[in-house]
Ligand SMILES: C[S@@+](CC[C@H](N)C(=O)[O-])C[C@H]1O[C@@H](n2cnc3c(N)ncnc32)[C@H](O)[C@@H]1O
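Below you'll find only one chain, the form predicted alone, shown as structure tokens.
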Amino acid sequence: MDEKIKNLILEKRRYGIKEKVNFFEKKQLKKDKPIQKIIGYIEMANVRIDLSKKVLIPRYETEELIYHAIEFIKKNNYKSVLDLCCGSGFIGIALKKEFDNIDIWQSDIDKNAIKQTKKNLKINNVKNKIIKSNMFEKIKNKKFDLLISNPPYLTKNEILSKSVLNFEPHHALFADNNGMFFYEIIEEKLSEILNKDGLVILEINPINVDWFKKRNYLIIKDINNKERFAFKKINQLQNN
């Protein structure tokens, strides 16, 4: 059996969908369309994320990021969260389902991301504040206990499969300054956007981990033993 067909069947089995691949689906697979896009949604971290718009497909690394965030929120009793560069809305929606009493804002510059997030909020029956903004541009006079983000972080010369390059938005994948463009903006704004004892937690590209270590971020490895998550408390920033 063709490997792509086998993977689609396995994904359908995971969701309890009839384990057959029709002619149209086979044509989509030949075009390298991701199986998540063929099915139309993913289910992770207790949420269903519709993928009908051109947004980044959530990865398992981001699911790990969410579970780390849940632990931080519980430990520190955080009450407000900013999900920056929210894409499909995966992070903020998963956190809202876990903590229905906290204030969550979700922001992205891309109109498709905003539409997709709104749709996914309805699907998951939760409500967050949605803002179309170029990073912090329209987030004024508001501070948060937690800033969480999985921004674009790939370098322009990274080799990706056709399924990624042809079906996922490049602006959600690649970033200037060797993948560091958005992190530099976030770092500059931390003292303005975070409350006292607030925390920033980021998904990062392991190739740039030294940049974070030099700025006193603590690093957590992902399930594949890659240095994938960086976090720092605002009081660490103020004391250095």
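Just so it is clear, the model here is predicted, and its values are computed rather than measured. In this text, residue numbers run from 1 along the sequence as written.
Note that the form predicted together with the ligand isn't included here; everything after this is about it.
Contact check for I93: no non-hydrogen atom falls within 4.5 Å of the ligand in the predicted bound form. Among heavy atoms of N205, none comes within 4.5 Å of the ligand in the predicted bound form.
Taking the partner from elsewhere, F182 is found to have a heavy atom lying within 4.5 Å of the ligand in the predicted bound form.
Looking at N150, you'd find a heavy atom of it within 4.5 angstroms of the ligand in the predicted bound form. Judged against the ligand in the predicted bound form with a 4.5 angstroms heavy atom cut-off, the residues I73, I102 and D145 are out of contact without exception.
The partner is not drawn, yet in the predicted bound form one stretch among 190-198, 207-215, 51-59, 26-34 has residues with heavy atoms inside 4.5 Å of the ligand: 51-59. The partner is absent here; in the predicted bound form, the one residue of N77, S161, N134, N125 having a heavy atom within 4.5 Å of the ligand is N134. Using a 4.5 Å cut-off on any heavy atom, the residues of 157-175 that reach the ligand in the predicted bound form are, in sequence order, H171, A172.
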